[in-house]
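As structure tokens, one chain now follows by itself in the form predicted on its own.
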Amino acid sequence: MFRVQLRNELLKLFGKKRTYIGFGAFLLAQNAMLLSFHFSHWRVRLEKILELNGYPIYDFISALTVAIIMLFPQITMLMPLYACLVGGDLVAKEYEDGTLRMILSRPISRFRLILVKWCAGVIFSIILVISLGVMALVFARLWFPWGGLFVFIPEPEHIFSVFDSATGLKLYMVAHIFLSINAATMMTIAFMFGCFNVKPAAATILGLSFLLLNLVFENLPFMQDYRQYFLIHHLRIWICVFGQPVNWMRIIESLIVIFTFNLTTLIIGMIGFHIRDIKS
């Protein structure tokens, strides 16, 4: 029955037009960035960095490198927005539409209902990230040649790495596994707020506000020594994949923190929904 309920929840989720807003925004943003990459002088700085370190320019100004560059602004600005939008809608929208009481009249516990909806949100998050990565790579390949991967992130991870095309593609796919975890975490934050008596828009805004406050406080000069206490720091594990060597201890530590955070957030949402008076 859980599988049937999850299937129905997914049909309901992907039957809404607003679910596809994020996919359309990624499509427009990536093509706009590719146009600016192609017709501007953005590559001059990268070429200088590669030349100074003795690497051939045309081997690494490639589709893989451009795809990674395109991911950063979208992951920072767009992915949290659309993950929180769906997370805030999953429960709060049902209450706003007046269908929640009808659903709970069936022989299903509140905990199970929340779990089914959360699983549907996780699946959406994974599909969103896969779509983001595939679109970035496909569109970048239309404008740039296939070649090696160059990753340069001075702050805060201090990464300078070059890879051949085969290794670069593998790391690109591994990074999207961690990005899926990030998107699911962002969705879970808004989902928790949506389990309480708030409007869908309020749940989305609260989720985004939590992430934004983490980002702001982490970048304050006097908070540099406390970065490990902020969620955003741990969500950057997808960048650590490109380190040489890979800091696996940092990745494992952050995965434990993210898992614990998601579990705690989900339990809080379940408790809030369980004690909530749906009839009022």
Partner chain sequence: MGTLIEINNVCKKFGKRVAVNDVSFSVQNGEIFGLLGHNGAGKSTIIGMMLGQVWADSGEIKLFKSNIASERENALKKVGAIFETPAFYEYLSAWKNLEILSYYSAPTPQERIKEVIDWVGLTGCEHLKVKTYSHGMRMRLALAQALLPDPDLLILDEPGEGLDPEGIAEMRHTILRLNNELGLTIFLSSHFLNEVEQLCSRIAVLKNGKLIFDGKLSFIKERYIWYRLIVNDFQKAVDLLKTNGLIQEYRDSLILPSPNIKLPELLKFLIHNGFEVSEFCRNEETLESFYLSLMHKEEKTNINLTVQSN
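Numbering follows the first chain given and starts at 1. Computed from a predicted structure; not experimentally measured.
The same protein has a further form, the form predicted together with the partner chain, not shown here; the description that follows concerns it.
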- Might L11 be said to contact the partner chain in the predicted complex, defining contact as any heavy atom within 4.5 Å? yes
- Looking at the partner-bound form in the predicted complex, is T99 within 4.5 Å of the partner chain by any heavy atom? yes
- Partner proximity in the predicted complex: G24 to the partner chain, non-hydrogen atom cutoff 4.5 Å: no
- Query: Applying a 4.5 Å heavy atom distance criterion, does E94 contact the partner chain in the predicted complex?
  - Reply: yes
- Query: in the predicted complex, do S105, L113 and R276 all put a heavy atom within 4.5 Å of the partner chain?
  - Reply: yes
